[in-house]
Every structure is written in structure tokens, then in C-alpha cells.
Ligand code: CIR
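Coming up is one lone chain in C-alpha cells, specifically the form predicted alone.
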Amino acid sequence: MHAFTALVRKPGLKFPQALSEHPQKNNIDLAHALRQHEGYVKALQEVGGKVEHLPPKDHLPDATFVEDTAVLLEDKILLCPMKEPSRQEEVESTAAVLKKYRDCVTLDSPATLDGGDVMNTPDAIFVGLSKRTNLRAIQALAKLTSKRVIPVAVTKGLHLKSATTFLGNDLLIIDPSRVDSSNLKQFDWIEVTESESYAANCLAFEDVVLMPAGFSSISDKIRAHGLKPLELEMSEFEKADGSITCLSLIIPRRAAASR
């Protein structure tokens, strides 16, 4: 029995034109990205996931970053009203698949939300107030869940989860220079420096943590917390302002089996 289902989408032909502020954004290698994506899929399968490939969208440069299109809540899926016009069609294509797992809802304008700004923890949902997600969306999201919804200002970078991710057991990995961390003090931290900031986005499955390769000091800190880092090559996605969590929508087994 699979522990979860992961929805993924391979980078399309226009992936090298993805929205990005990275200095190497003009040097994205599609063939290399496809190989790295295959490695990512293999890792999801290794940790017990059933991988479901969404239909390719070659005309949508950012469509591989499926996390941004939706947020899984306790009993429903929130389809994200994305701010960037070039990405809004991605939500429609993802919704067609998500509807078989749970009922789907959306938010009215002027709310804007990217899934990369939503960090779900057992007791609360932290939502980045960022370039892509506004306060109206955070207020509306709070009405759709029984958990506390807590805004976190993103001071540098694209999304909240570009700066911090939840590893379980009250543990965050975080670059505190990129967010207002005042609402995150109740957690234990694995702190990363500015030069290690890309490693702040990880994806945890019980005791295994998927993380970008090339950050040996961070992987050592993860091991020191009793976790097992699984390092993945992510260079082409980093150039596109994408990270480990961006490449999948994780649907827990109980949710996948409920419809």
C-alpha cells in the first residue's frame, strides 16, 4: 500500500522560459531538467509514493511547479487563484485531476494565492504574505479550515517555502533572513545561512527528507535530528526559481482513498 500519491508534471518544451529572477535563468537546460525530474520521481517512489503524472503542458513554462496550483485542506482542496496571468491556466488542468480526490473550491478576486506560500503543520497553517499571495487570500483561507491560519511576511524571495519548510516533530529548516520569523519561534530550527538558502526548501516523509544536493553541512544537521537526507540534483529547477516541494502535490493515502 502506498503511503501517499504524488501528482507531478514533467517540464514542458517551454520550461526554459519559466518565470524567474535567478541570475542563471537564461541558461536552463531542458534535457538536464528532464533527467533531474526523473530522479525526483524515483525518490518519491523510493519513500513509498504512488506517482501520478499529469498531462504535459508544453505551452506553459511553469507547469512543472504543480505545488502552486492547489492546497490540500482537511476535507477539501483549495484551487489557487494565481496572480501571474501566464500561470492561471495551470490551475484548470490540475483541477481536472484533483476533483477525483476531494471536492475543490476556489477564492474570489481580488484574492491571489500560490501553493508555495502555504506551510501546513499539525496545529496551524502558515501562509506567506508575498509577491504572489495577498492578505485577502489568507483571510479567505482561514474560513476554510479549522486550523489557525497565521500570516508570515516574506521579506526576500518568491514564496514562504522558499525560506522555510516543516520537517515534522516541531522542526523547521529555515533561512530567517528571508521571512519575519516572529510567528515561528515555537518551533525548533535547523538554520541555514544566506549562501545555503536554497537548502531551506525540503520535503519530509516521516524520517526521510528530500533535499537539494550540494549542502553537506545542512545534510549533517538533518542527520543530527535523527532524519535521513536524500539529496537530489536540482540545478535546472533552481535556475527557474523552483525547489523540491514545488514539483509535486502530495495527497496522503487517507485522502486518496476517500473518493
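Position 1 is the first residue in the sequence shown; the rest follow in order. Quick caveat, the model's predicted, so the values are computed rather than measured.
Heads up, the form predicted in complex with the named molecule isn't pictured, but that's what we're talking about next.
J.: At 4.5 Å between heavy atoms, is residue 178 in contact with the named molecule in the predicted bound form?
T.: Although the named molecule is absent here, residue 178 would stay clear of it in the predicted bound form, with no heavy atoms inside 4.5 Å.
J.: Is residue 11 part of the interface with the named molecule in the predicted bound form - any heavy atom within 4.5 Å?
T.: It does not: once the named molecule is placed as it appears in the predicted bound form, residue 11 has no heavy atom within 4.5 Å of it.
J.: Is residue 116 close to the named molecule in the predicted bound form, meaning a heavy atom pair under 4.5 Å apart or at it?
T.: It does: once the named molecule is placed as it appears in the predicted bound form, residue 116 has a heavy atom within 4.5 Å of it.
J.: Taking heavy atoms and a 4.5 Å cut-off, does residue 249 contact the named molecule in the predicted bound form?
T.: Taking the distances in the predicted bound form, the answer for residue 249 is no, it never comes within 4.5 Å of the named molecule.
J.: Go through 79, 141, 152, 158 and name the one with a heavy atom inside 4.5 Å of the named molecule in the predicted bound form.
T.: It is 158.
J.: Among 204-212, 44-52, 226-234, 64-72, which stretch has residues with heavy atoms no more than 4.5 Å from the named molecule in the predicted bound form?
T.: Result for this chain: 64-72.
J.: Taking only heavy atoms into account, state which residues of 228-242 are within 4.5 Å of the named molecule in the predicted bound form, ordered by sequence.
T.: Read in sequence order, the residues that approach the named molecule (within 4.5 Å, in the predicted bound form) are 240, 241, 242.
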